[in-house]
Each structure stands twice: as C-alpha cells, then as structure tokens.
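In the form predicted alone, a lone chain appears below as structure tokens.
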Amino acid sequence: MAARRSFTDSDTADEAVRTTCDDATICKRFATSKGYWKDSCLQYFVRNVGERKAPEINRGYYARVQGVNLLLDAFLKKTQCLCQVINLGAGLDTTFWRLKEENLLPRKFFEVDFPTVVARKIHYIKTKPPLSKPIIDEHSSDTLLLEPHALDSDRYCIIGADLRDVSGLDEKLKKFQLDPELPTLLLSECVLVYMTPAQSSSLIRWAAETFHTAMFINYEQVNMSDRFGQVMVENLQRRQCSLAGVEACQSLDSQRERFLKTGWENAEALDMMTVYSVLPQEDVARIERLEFLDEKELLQQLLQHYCICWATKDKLSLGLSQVAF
C-alpha cells in the first residue's frame, strides 16, 4: 500500500491562498449587487449576495476592476484582438464572458490556477448554460476537450497548474496551442505576492523570454513597510496566509524594478488612489452616490496600499508603451 503523503505547512499555505479566490468573488458579488458595475456571470459562481461589505471595500474593488479592465481593453484594441490573454491565478474570474459580451474576445483566452480551483470552475461551466454557451458558440467542432483539471476550446482554455513550476506551466500552455508569436497579455491579481521573489521573478522572466510582443498587468499590494501595511500582513498571517513575496511590494519603484530586471522594456506603476482619481469621473461620481462613506481616510489608506503595475515589450511596434491611464 502506498504511503500517504503528509500534510505540510506549504499545503496549509496553499489552501489559505486558494480561499482568497472565494473572498474576492464574494466581495465582487456584493459590489455588483449594489450597482458598482455590471457582471452578469458572477451569480453563477456565487449564488448568494452574502453579508454586507463596507463601502470602502466596494469602492476598492470597483477601482481594481475598472483599472485592470481599462488597461486590458486598451491592449485588445491596440492589437485589434489579434492576440491571446493569459490570466494567471484566475480563480472564478469572469473576464472571458465580459469580453464575449462586448465583442472584444482575443484569439484565445487562457486561465491558469490551482487544479482544485480549476476543477470547481469547470463544474460550474458544465452545469450552468449561461457559462457554457458562450464557449460552445465560439467553438468550431462538436466536442470540447474536457479533463478533470483542463477544459480546452477554440477561444477559451482553463488549465490546472502551479505557477511556481514554470517549465510545467509552459508545457501545459503549449499543449493547448499557446502561440509565442502572437501579441500576449498576461494578467495577475494578488497572485505574485504569494510566491517567493525568486519564484515570481522566474515567472515574469519566462513571460518576457517567451513572447516578443507582450504586456503584463499586475495588481497587488504596495507600500507594505508602513504600519498599515504591517497590519495587512498580520491579518493574513492569522489566516495562515503568508505574503511570501512582500519584499517586491515595498514601493512603486520595487514593483517596476521586478519587471525591468527580468527582460521587460518598459514598466509603470500607480497606486490605486491615483488610479481611482483618473478613472472616468462621471462614473466615479455615480458609484459614490450608492453608499455613504463615513471614513474617507480609511478608503485613502486602503487604496494607497494597492497598485497596478504594467510592463511591456513591443517587437511588433504596436505602440504598447502608450497604453496607460
């Protein structure tokens, strides 16, 4: 009889990271129920709206979603959708369905996450026609490739993989027709921070070496060396969730440097307070009327401790360095 593998600290840490996927989806579900933005597919991943979230949390998620979407959509328009997107640590993200609705689908949209998260998402897709139909509509043959930890179609692919194993990731993506010659957008949201600096650098370097024309959008913590940042770290540690890569989150400069040191030509970074201030202000005014915010200083502190960093390389001279807020 084979010996059962012991449950280690790293297993506990990985499980804690997986729960952050549910946290984000639940928060987005509540914010959309209040009207911060529209998302017709979240309800199929989280049925109940759940308990009330504080207004600053809702505004923080609004800034995150709108900021990332603004850069992603700008890339898609620059490439005229003749590109591919790889969402690293995608969780229960609904971007593929939004892009399908808005007629902005890339040639192929890849998602990667832990195999257990991927298995759950595939189950939801298989059992919810509003999720499966857009995938089938874009597929040319009668059968989809469906495995326990992978689903592949012409335009959408979801793969179970460990982002810390770059060679395994590369092998799996290429098995499902990743094209290194296509302009490629890579997206990670609160993912790299759970990897050691060496592991995240290896992933970022792999992306720079694999694609000659690409953009990497990274949303995560910043300014983590002050007291507010330390409290954030301590709160996560209490949930067995260690921020193994927090040293790259010390400043906007450290966020940019991690890309410039690993083969990217250009890198920019803005904290989310700045992003919030440059989003379309008519819509910002609309969402600020949705709920009364008592503690404006708390919102400011929260937004100053998250950022969007985006890096580009542009062999095809598409003008990717001009993509910005």
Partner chain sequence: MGSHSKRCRRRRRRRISLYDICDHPDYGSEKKMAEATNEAELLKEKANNFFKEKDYENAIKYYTEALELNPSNAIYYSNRSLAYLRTECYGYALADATKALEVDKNYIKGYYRRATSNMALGKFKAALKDYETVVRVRPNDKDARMKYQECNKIVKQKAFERAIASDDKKKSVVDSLDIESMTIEDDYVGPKLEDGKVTLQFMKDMMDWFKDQKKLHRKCAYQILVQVKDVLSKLPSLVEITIKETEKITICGDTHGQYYDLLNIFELNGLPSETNPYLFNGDFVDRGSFSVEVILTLFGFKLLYPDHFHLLRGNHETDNMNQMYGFEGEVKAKYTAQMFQLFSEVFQWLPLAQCINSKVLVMHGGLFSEDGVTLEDLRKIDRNRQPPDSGPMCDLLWSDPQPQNGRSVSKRGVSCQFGPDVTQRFLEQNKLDYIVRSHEVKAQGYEVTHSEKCITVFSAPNYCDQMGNKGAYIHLRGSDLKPEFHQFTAVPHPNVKPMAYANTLMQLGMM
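Positions refer to the first chain, counted from 1. Since this is a predicted model, take the numbers as computed values, not measurements.
Although not depicted, the form predicted in complex with its partner chain is the subject of the following passage.
Peer 1: Under a 4.5 angstroms heavy atom criterion, identify the one residue in Met232, Val117, Leu178, Ala207 near its partner chain in the predicted bound form.
Peer 2: By the 4.5 Å heavy-atom cutoff, the listed residue in contact is Met232.
Peer 1: Within 4.5 Å of its partner chain in the predicted bound form, heavy atoms considered, which of Leu70, Met273, Val284, Ile57?
Peer 2: Going through each option in turn, the one that passes is Ile57.
Peer 1: For the interface check, one of 214 to 222, 196 to 204, 247 to 255, 89 to 97 should have non-hydrogen atoms within 4.5 Å of its partner chain in the predicted bound form; which one?
Peer 2: Within 4.5 Å of the partner lies stretch 214 to 222.
Peer 1: Taking Val46, Arg107 and Leu318 as the candidate spot, are all three within 4.5 angstroms of its partner chain in the predicted bound form by heavy atoms?
Peer 2: Checking in the predicted bound form: none of Val46, Arg107 and Leu318 is within 4.5 Å of its partner chain.
Peer 1: I'd like to check something about Tyr61: if you look in the predicted bound form, is any of its heavy atoms closer than or equal to 4.5 Å to a heavy atom of its partner chain?
Peer 2: Tyr61: contacts its partner chain in the predicted bound form.
Peer 1: My question is simply whether Leu169 lines the interface with its partner chain in the predicted bound form - judged by any non-hydrogen atom within 4.5 Å.
Peer 2: The answer is no: Leu169 has no heavy atom within 4.5 Å of its partner chain.
Peer 1: With the partner left out here, check for me: in the predicted bound form, does some heavy atom of Lys77 sit within 4.5 Å of its partner chain?
Peer 2: Lys77 lies outside the contact set for its partner chain.
Peer 1: Indicate whether Arg52 is a 4.5 Å heavy atom neighbour of its partner chain in the predicted bound form.
Peer 2: Result yes; Arg52 sits at the interface with its partner chain in the predicted bound form.
Peer 1: Of 67 to 85, which residues get within 4.5 Å of its partner chain in the predicted bound form if you count heavy atoms?
Peer 2: Nothing in this stretch is in contact.
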